[in-house]
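Let's start with one chain on its own, the form predicted alone, as structure tokens.
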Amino acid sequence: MPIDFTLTPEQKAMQAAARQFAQEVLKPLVRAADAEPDPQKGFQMMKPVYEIAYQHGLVTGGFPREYGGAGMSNLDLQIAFEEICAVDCGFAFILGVNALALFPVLAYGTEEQKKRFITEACNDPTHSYLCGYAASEPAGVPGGTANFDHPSPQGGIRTTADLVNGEYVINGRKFWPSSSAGWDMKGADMNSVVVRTDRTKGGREGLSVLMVPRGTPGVRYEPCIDKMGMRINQNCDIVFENARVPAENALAIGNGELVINNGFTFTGPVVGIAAVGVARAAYEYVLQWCKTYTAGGTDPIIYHQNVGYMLGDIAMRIEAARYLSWKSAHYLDLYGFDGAQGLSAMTKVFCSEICTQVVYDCMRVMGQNSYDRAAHPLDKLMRDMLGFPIFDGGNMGMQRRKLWGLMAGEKFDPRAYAACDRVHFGKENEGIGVVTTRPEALSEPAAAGR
């Protein structure tokens, strides 16, 4: 039977190295960086740790060897990522966003673009290379990007890029991008930006991706967003005012909506294993607490049936989430972005919501002491965990809608995942749910009849 969850000796060595890095290099700086009132300063405090991670291949490990990466599989990355997320998921996402931002180049770029952009990212002599990913836009009327693939040009992404004399002229604003402002608020080394290159078409035809290098005139970075959790990860506003990039920096022309969905396919198992890391950190801490804390009784509370049962449920949920994350990463390795869309969405939704329940249940087991943020880590784990269901497409936004669009397709096979078969996702699966029926629209035919 080919199903085997046993790690290879190489994977065990990689896991041990990632755990050592997380515990010995990352952990000593996390508490102070998380507590820093200025989110940009907290982000900058991580730069020395990031440079060490870069040297260890944790930033570029997933890129192909021919461009300077280590050629690690998605499943291998899962094993390392869990160890880092068990210490701080915000820092882990600083590492991961480089791959998210550059995957459009791997998926849609020419060989020249791959050599230019990915080789540069993998061979930075300063070990501090950052690539930001900018897709989301500010809320408003109209605004937001949950309906990025809306068929009407009046919906979806509003940042425009017009081709003029061999250059794309960009105007608009992006909100929530990770790492885009760089270590010094003057820009990441490169930003991958989803734009509307055809103003006459909707999101399923009019979107593309532009690679915007640091120092491009007409790009402005607003102050960092002061977030509840994942504070070490930088997020900010980017404003484009007639910013110009050469036409050879464009890719995925007319396929930008697939870039967004494929991006969330890549990050689905990443967020899944990040949730596992956070849940594991809460579980292991509280399990040890229960073996010594008596709550005023004569025996540690681990010997109370209710505590034992709750901890057993917590352990089961973590194991289930880990194996689903591994399977979706395995799907990515087998079939790429096109074949792993549905399972990736399942992983992101299931694991992030399981993590929410696990951390809360750990707090219930520990009781009021879990509220002491100076003495215990549950406060930070709870704040970080709350972001999982609502970011990266949102469980009640893009993620469930992507799975819905896949299942609604005529060719969808509900048994495919059990058989580990490829499940195709294409433009025909885009756009479900973006056109709604307003209450006033229902009365329009009757009104016309009168």
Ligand SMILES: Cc1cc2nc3c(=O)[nH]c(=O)nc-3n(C[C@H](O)[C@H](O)[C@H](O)COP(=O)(O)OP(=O)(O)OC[C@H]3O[C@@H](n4cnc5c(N)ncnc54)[C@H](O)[C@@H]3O)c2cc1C
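In case it trips you up, residue 1 is the first one in the sequence shown, and so on. Quantities reported herein were computed from a predicted structural model and do not represent experimental measurements.
Below: the form predicted together with the named molecule, not depicted.
Quiz item: Does K327 reach the named molecule in the predicted bound form, with heavy atoms at most 4.5 Å apart?
Solution: No, no contact at 4.5 Å.
Quiz item: Using heavy atoms and a 4.5 Å limit, would one call V434 a contact residue for the named molecule in the predicted bound form?
Solution: Contact check for V434: yes, within 4.5 Å of the named molecule in the predicted bound form.
Quiz item: Does C362 reach the named molecule in the predicted bound form if we count a contact as any heavy atom within 4.5 Å?
Solution: No, C362 sits far enough from the named molecule in the predicted bound form that none of its heavy atoms falls within 4.5 Å.
Practice problem: May I ask you to state whether N147 is within 4.5 Å of the named molecule in the predicted bound form, using heavy atom distances? | Solution: N147: yes, in contact with the named molecule in the predicted bound form.
Quiz item: So which of G187, G203, P177, G342 gets a non-hydrogen atom within 4.5 Å of the named molecule in the predicted bound form?
Solution: When the named molecule is considered in the predicted bound form, the option within 4.5 Å is P177.
Quiz prompt | Proximity to the named molecule in the predicted bound form, single hit among T197, S352, Q78, N235 (heavy atom within 4.5 Å) | solution = Going through each option in turn, the one that passes is N235.
Quiz item: Is it true that Y133, M230 and M396 each have at least one non-hydrogen atom within 4.5 Å of the named molecule in the predicted bound form?
Solution: Yes, each of Y133, M230 and M396 comes within 4.5 Å of the named molecule in the predicted bound form.
Practice problem: Quick one: find which of 383 to 391, 421 to 429, 64 to 72, 47 to 55 has residues within 4.5 Å of the named molecule in the predicted bound form by heavy atom distance. | Solution: One stretch meets the cut-off, namely 383 to 391.
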